[in-house]
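This document starts with one chain, in the form predicted alone, laid out as C-alpha cells.
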C-alpha cells in the first residue's frame, strides 16, 4: 500500500475527507452499502473519479454491489491515519482559537487539540476547553512531550511567520494556517490555508 500512496496527488487526498464525512452520515442512517454512482450523485463528483481515487489505495468495492460503508470508513481512516489519536498544537487564544478549541472538544475526534499557546500575558493560565493557555515559548517542550506533529496558526498576520518558524523548529510537519498571510516553510512541511475573507471575496464575484 505504501508504494501506491507515494504518487497520490494532494487533490486526491483532499477529497478523501469528503468521502469519509459522507460515508459516516450513511453509517449513521444505517446504510450498509453504497455504489460509486450513488456517491457521485450525492457529492456531485464523477463516479469514475471516485473509483479512481479509492483505487490508489486498494480494491475496496465489489462489482455490482458497491462499497461496504463501515469497511470503507475504516479503510479511509487508516489511509488518513485517523485510526489513531493525533495531538494538535494551537497557537493563538483569541476568539478564533477559542472557537476552534471548543468545537474540537465537542467533536471528540482523533485529531484533538492537545495544547494551546499565546504570547499575551493576560491570556496565560486561562482555561479553554479543558486546556490551560501556555506561553508560546513552551511549544517545543510540549511538542516533544506529547508527540505533536500538526499545528494550527490562529494569530494576526504579522505574527504568523514567526509562529510557523517556531513550529517547524519544534518538529511539527503539518500546519493549518488561519492567518491571512502566505507562509514560507521547508519542502518537507505540509501547509493548508483557511482564509474566510478570501473565500468571501471570491464569492462576491458571483453576486449580481
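Positions refer to the first chain, counted from 1. These numbers come from a predicted model, not from an experiment.
Below, we turn to the form predicted in complex with another copy of the chain, even though it does not appear here.
The contact with another copy of the chain in the predicted complex, taken as any heavy atom within 4.5 Å, belongs to 98 out of 73, 98, 131, 124.
A heavy atom within 4.5 Å of another copy of the chain in the predicted complex is found for exactly one of 160, 152, 139, 50: 152.
Against another copy of the chain in the predicted complex, the set 35, 37 and 61 makes no contact: no member has a heavy atom within 4.5 Å. Another copy of the chain is not shown here, and in the predicted complex it never comes within 4.5 Å of any heavy atom of residue 164. In the predicted complex, no heavy atom of residue 27 sits within 4.5 Å of another copy of the chain. Contact check for residue 168: no non-hydrogen atom falls within 4.5 Å of another copy of the chain in the predicted complex. In the predicted complex, another copy of the chain sits within 4.5 Å of a heavy atom belonging to residue 175. Heavy atoms closer than or equal to 4.5 Å to another copy of the chain in the predicted complex belong, across 123 to 147, to no residue whatsoever.
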